[in-house]
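One chain follows as structure tokens, the form predicted alone.
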């Protein structure tokens, strides 16, 4: 593998795939159009088939078939990684994942495991329209036996970068199935290293049990006590970080940002710790407003903190079909300005 550290989320994930293939002969990649020179729709698998031609398998256009095959491979001791070209098509794998792969370990009294990693890009903001722009991971949250992860663009201590390390650990160190949510606009984000984070205090925490996915809490160095907690994941965490900065410098409102990378099973303790300092919660996601991750975070926070949670709110996408038009798409989706407006209203109330 290259000794050069990755600079972007895309490079980090690509390096993780190549490293996992190099480190364990049980790892295989399956997906549509993932062979070189094309290397996948978003190029995350580029170079893998050239380096490991026997273990990178291009497949027919059948998401259910690909995922079902991966489940069988996992039961026979392999560690398959599936690429679903667009997250919208994850609806086609729901039966294989929710009714079968996620249940195998429990159904057979722990005698088998199914370490399948399913990677897929979610999200809009590229003008792809109604069926290639959705954020649908909430359909998979809370499924027993299934881990749902979403990377954040930190450089971190790993030579793979933090997104790549999360993917690598999912492939080689997770015994159950993983739904690994990427975001189309995340791919080209630069990994945040010490220089980019010099303005911020950063704390990382890990769950005491289960998969060791980090949760990051960021706040401005030297700022007054925080007045509101923002929580977001994936690309929305980048928008929330922009909002945190502008809230401080333009409105003198100071926030903490809590960024989980494990969405399910929920690991809310770092969020609770922040809320004990602020008493206000704004949950931010790109999925539609109702019945989502943000609603779950608010519910858990209310149960945990009771009256100490003074204010709570959500920022999310409108409940409508995502348009192709750039202007209409932007109006449909949560923006930095929405986060700032709602945070200001919460602090003023």
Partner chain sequence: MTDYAQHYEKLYTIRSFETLLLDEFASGIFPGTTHTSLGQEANAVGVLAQAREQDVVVSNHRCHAHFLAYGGDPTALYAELMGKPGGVCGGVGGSQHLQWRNFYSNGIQGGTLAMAAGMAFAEKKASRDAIVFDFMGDGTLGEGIVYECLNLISLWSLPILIVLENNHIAQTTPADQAVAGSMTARFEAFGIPATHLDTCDVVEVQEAAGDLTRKVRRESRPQALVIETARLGTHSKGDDPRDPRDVELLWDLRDPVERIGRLLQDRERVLIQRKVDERIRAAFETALAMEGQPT
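Positions refer to the first chain, counted from 1. Source: prediction; values computed, not measured.
Although not depicted, the form predicted together with the partner chain is the subject of the following passage.
- Interface residue among 316, 48, 322, 30, judged by heavy atoms within 4.5 Å of the partner chain in the model of the complex: 30.
- Among 57, 302, 41, 295, the residue placing a heavy atom within 4.5 Å of the partner chain in the model of the complex is 57.
- Shown alone, this chain has one stretch from 281 to 289, 66 to 74, 33 to 41, 303 to 311 that lies within 4.5 Å of the partner chain in the model of the complex by heavy atoms: 66 to 74.
- For residue 140, no non-hydrogen atom is located within 4.5 Å of the partner chain in the model of the complex, even though that partner is not displayed.
- With a 4.5 Å cutoff on heavy atoms, residue 107 counts as touching the partner chain in the model of the complex.
- Contact between residue 78 and the partner chain in the model of the complex is found at the 4.5 Å heavy atom cutoff.
- For residue 245, no non-hydrogen atom is located within 4.5 Å of the partner chain in the model of the complex, even though that partner is not displayed.
- Contacts of stretch 94 to 121 with the partner chain in the model of the complex, defined by any heavy atom lying within 4.5 Å, are made by 95, 96, 99, 100, 104, 106, 107, 108, 109, 111, 112, listed in sequence order.
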